[in-house]
Ligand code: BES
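Below, in structure tokens: the form predicted on its own, a single chain.
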Amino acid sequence: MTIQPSDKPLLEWAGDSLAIGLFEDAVELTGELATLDEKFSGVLKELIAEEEFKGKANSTIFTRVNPGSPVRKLILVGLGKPDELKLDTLRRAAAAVARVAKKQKSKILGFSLPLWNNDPAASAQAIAEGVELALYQDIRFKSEPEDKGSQIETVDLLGFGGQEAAITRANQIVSGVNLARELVAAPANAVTPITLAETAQAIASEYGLQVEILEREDCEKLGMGAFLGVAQASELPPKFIHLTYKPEGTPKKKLAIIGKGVTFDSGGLNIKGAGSGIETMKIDMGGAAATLGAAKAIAQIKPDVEVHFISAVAENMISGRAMHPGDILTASNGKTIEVNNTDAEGRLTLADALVFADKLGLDAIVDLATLTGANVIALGEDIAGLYTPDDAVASQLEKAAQTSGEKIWRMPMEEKYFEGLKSGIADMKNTGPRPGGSITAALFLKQFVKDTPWAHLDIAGPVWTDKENGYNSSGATGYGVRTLVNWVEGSGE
């Protein structure tokens, strides 16, 4: 599929389907649209009246145009209220149109959508992202594709002439999102610590990044007892991934993105029981997937910021070598942890990854992880929790998320809640009381960052969706990649 800018006038465009955006309660046809309606014998006005189309955000209607017309079908998409137009409005509208056009077997699709904030580049990028994200299909594990119909081949963005660079940037970002989707969606017998490390090496080879894969012996030398405690029961070796992107010249900032990389989580000896969703625990490396997806995108975009992409990757399994409830682990910063629940393993892997990153002399660290069910209870399935003591980093991430359309909400770092993590025989336990569980998890992570501004994103909810949601089909969403890319680029300004 080719998405391309076009200066062709709306009245002269020809193709299978022409999509037109209309604002809520402003669906009167004036100017160019009135002329277009006359050209098509009043079919637009008739369609709006018959379907009682109000222009509500993401609503769509369509109709066939008279035979012999240069346009086979017209699609109307609602944009909501004019004063509420956002980049994500355009992204979601484009996704809604793309799905309709595909079902209508359109090969050539044209878009006539408004500018956001008089910014043609950002608007074109959002529209292109919406189309590409909505039409993504993962059929790797199907013996043959279910959808054998015609596919959209060409998408023209009318009125966006000269925005080739914006569309290219959309392609680069979506390539990272789709990598993250594929990693999260793949089963645990396909994405293992070994294959995830191979993916990191492939990204490094293709895009010129530096790569370091630490083996178990390397991690032992660094004293990564928390990470290795989680890994010790698995037949598969742990892999500590460290990818580095360095721009030409002196970087404006040095950052790290750390992703939780538990490729399957059985719960360990505190095994996940019936109704626990154990069969979905292939998604527990969603943070690592977003980290590698961001690495792929950033390596193509080439911002003037140095970025370290880090993940301590392992399975959390059960065997005679498994860590026991009650064991004490020593992390690489010397802090001791009483393991009172082997199913709170992600924070143990992140602990050593954070210590590793904290020693790199960075300006900021962001980790993201499918860390707690408590965050899903607090914020639902669409919103990630943002936990940080640093207002500047929080503001940067909130701005980045708003541009990307990915939802986050800043949560409190209530220091007194750390009392619930105190241990009588170690520096801390790995879980606290049930109330405020996502907050105590973040406070646990905070113990492993000494000097660097840091934020934690709990993405347990939005990493997966069970239903079509905006530009996400059911399944893995690739959540976090777009926000991380925006955060990195914004840090260089």
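All of these numbers come straight from a predicted model, not from anything done at the bench. The first residue of the shown sequence is 1; numbering continues from there.
Not pictured, yet referred to below: the form predicted in complex with the named molecule.
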### Interface membership of Arg347, the named molecule in the predicted complex, 4.5 Å heavy atom rule
yes
### Query
Using 4.5 Å between non-hydrogen atoms, is Asp343 touching the named molecule in the predicted complex?
yes
### Task
With heavy atoms only and a cut-off of 4.5 Å, decide whether Met281 touches the named molecule in the predicted complex.
yes
### Query
Is there a non-hydrogen atom of Leu214 within 4.5 angstroms of a non-hydrogen atom of the named molecule in the predicted complex?
no
### Query
Which residue, Thr372, Gln396, Ser234, Ser123, has a heavy atom that falls within 4.5 Å of the named molecule in the predicted complex?
Thr372
### Query
Which residue, Lys272, Lys86, Lys254, Lys407, has a heavy atom that falls within 4.5 Å of the named molecule in the predicted complex?
Lys272
### Summary
Testing 282 to 290, 331 to 339, 194 to 202, 355 to 363 against the named molecule in the predicted complex with a 4.5 Å heavy atom criterion leaves exactly one stretch, namely 282 to 290
